Structures are given as C-alpha cells and as structure tokens.
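Here you get one chain, nothing else, as structure tokens; it is the form predicted on its own.
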Amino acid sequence: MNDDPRLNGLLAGLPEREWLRLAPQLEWVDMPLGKVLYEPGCPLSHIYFLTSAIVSLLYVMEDGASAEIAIVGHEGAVGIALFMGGETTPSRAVVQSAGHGYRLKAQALKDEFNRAESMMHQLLRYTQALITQMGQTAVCNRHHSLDQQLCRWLLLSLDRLPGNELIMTQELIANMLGVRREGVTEAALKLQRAGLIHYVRGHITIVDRRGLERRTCECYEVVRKEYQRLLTAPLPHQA
C-alpha cells in the first residue's frame, strides 16, 4: 500500500492549488535498505520526497572510504542540485533505513520552482536547513568524541522514524561516521552499558532518549532548532 505523499513535510506544506497541480506527477518509489538514488557526478533525473525511508548523503573518497555529510527523512527531499542549478553533486545518496517516497521528474520540479510560488520558498528554506546540518556534521566530526557523534547520529535518525528501533549494522554506522568499525563497537558498548541503547544483530533500540540527548554534543540541538525554525512541517522533538 502506497504512503500518502503528504507524509512528506515539504509536500504537506503546499497550498491546495499547488498540491493539486503537482500530485498527478508524483511517482511512488520503494526504497529498500542500501538502494542508491544517485552517484557522484551523475546527472540527476528526479528529486525524491521521502515519506518513510531515511537517506544518507555520503561523500566518497577515491579509495572508496566514505563519510555521511547529512541525513534526510520525511521532512525533506533528495536531489536539491536540480533546483540549485548544478544538475550533479559530488555526494552519493543511499537508503539508510528502508521505506518509501515519491519522485518527481527534473523538468517538472524546475517548472514548479520557476513559478516562484510556495514550492520554491519551501525548497530554499529546506536547503538552508540542510546546509546547517552539513556544516554542523563537519564540526562535530572534527571536534567531538565518537561517543558524542554516535549519539548525534542516533538522535537524528530517531527523529525521522516512527518508533525507537533502527536496523543498522555497526559496519554501516562506521561507513556513515567515517570511522573504523572497532570504534563504533566500543562506542555502542559504552552506550549500552549506560542503559541508553540495546544493540543486537543489527537492531538498535533506543532505551533512554533523554539520556542520549544529555550525552551528545550541542550539534544535535543546533541542527534541530534550525529545522524547527525554517520548515513549515519540522521534525518532531520526540519524548
């Protein structure tokens, strides 16, 4: 059964007139874990509005190593280069948590954007929020401990999920954070011993969200507040 497209925050914020014009052009997309939506340097054919999937934007080095620069869920869209004029991007977009979304052809997006109506303003505000997340991620990776980075990453993912469980191996988390798997194992064990998470066989259950928030650095809150300020349908601050 297809999700309601307006589970996506950007689509939900459109006035009815714009929504009715856009809705027939949206195509439902299944997004299994690991699906690549675009590769570095490849021309983008669609923009993706996520409803239940979570997508990681990764920068990939020449030797194959990677690190996450941002995370996108039902609050936003993947493929902002299309309306920014770049057509391509140096990052890779890969599904981090399986789910669904809707895609819109590049030309249809450009036509809607160029009307200079609500869609344009929503996308520009979303881009500002996304840039904040990218910048804060870079600062966090440089100045904060792996424990804090893992807490930030878990909280950002949790905000985009309906429950408190993530299906994610330590190897995948290591690829996202750009660190060795052993480091993630050690950090996850610390969080588990502190009673904040429970981890077994690729399943991470958040046991104490407030505890994660106290343990993480300021980067999570900076990003959350900016999304709250800029987006019409911001991410919920879950209890």
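All of these numbers come straight from a predicted model, not from anything done at the bench. All residue numbers are counted from 1 along the displayed sequence.
The following text describes the form predicted together with another copy of the chain, which does not appear among the structures shown.
**Asked** Looking at another copy of the chain in the model of the complex, is some heavy atom of each of I131, V179 and L230 within 4.5 Å of it?
**Response** Yes.
**Prompt:** In terms of non-hydrogen atoms within 4.5 angstroms, which of the given stretches 203-211, 188-196, 26-34, 55-63 touches another copy of the chain in the model of the complex?
**Reply:** Selected range: 55-63.
**Item:** 4.5 angstroms heavy atom contact with another copy of the chain in the model of the complex for G163
**Value:** Residue-level check for G163: no, no contact with another copy of the chain.
**Message:** Can you tell me whether E87 touches another copy of the chain? I mean in the model of the complex, with a 4.5 angstroms heavy atom cut-off.
**Reply:** Close contact exists here: in the model of the complex, E87 approaches another copy of the chain to within 4.5 Å, heavy atoms only.
**Message:** At 4.5 Å between heavy atoms, is K105 in contact with another copy of the chain in the model of the complex?
**Reply:** Judged by the heavy-atom cut-off of 4.5 Å, K105 is well away from another copy of the chain in the model of the complex.
**Message:** Can you tell me whether I47 touches another copy of the chain? I mean in the model of the complex, with a 4.5 angstroms heavy atom cut-off.
**Reply:** I47: no, not in contact with another copy of the chain in the model of the complex.
**Message:** Counting any non-hydrogen atom inside 4.5 Å, which residue from T169, Q136, S118, S97 sits next to another copy of the chain in the model of the complex?
**Reply:** Residue within 4.5 Å of the partner: Q136.
**Message:** Given a 4.5 Å distance limit between heavy atoms, list every residue of 216-230 close to another copy of the chain in the model of the complex, or none if there are none.
**Reply:** E218, C219, V222, E226, R229, L230, in sequence order.
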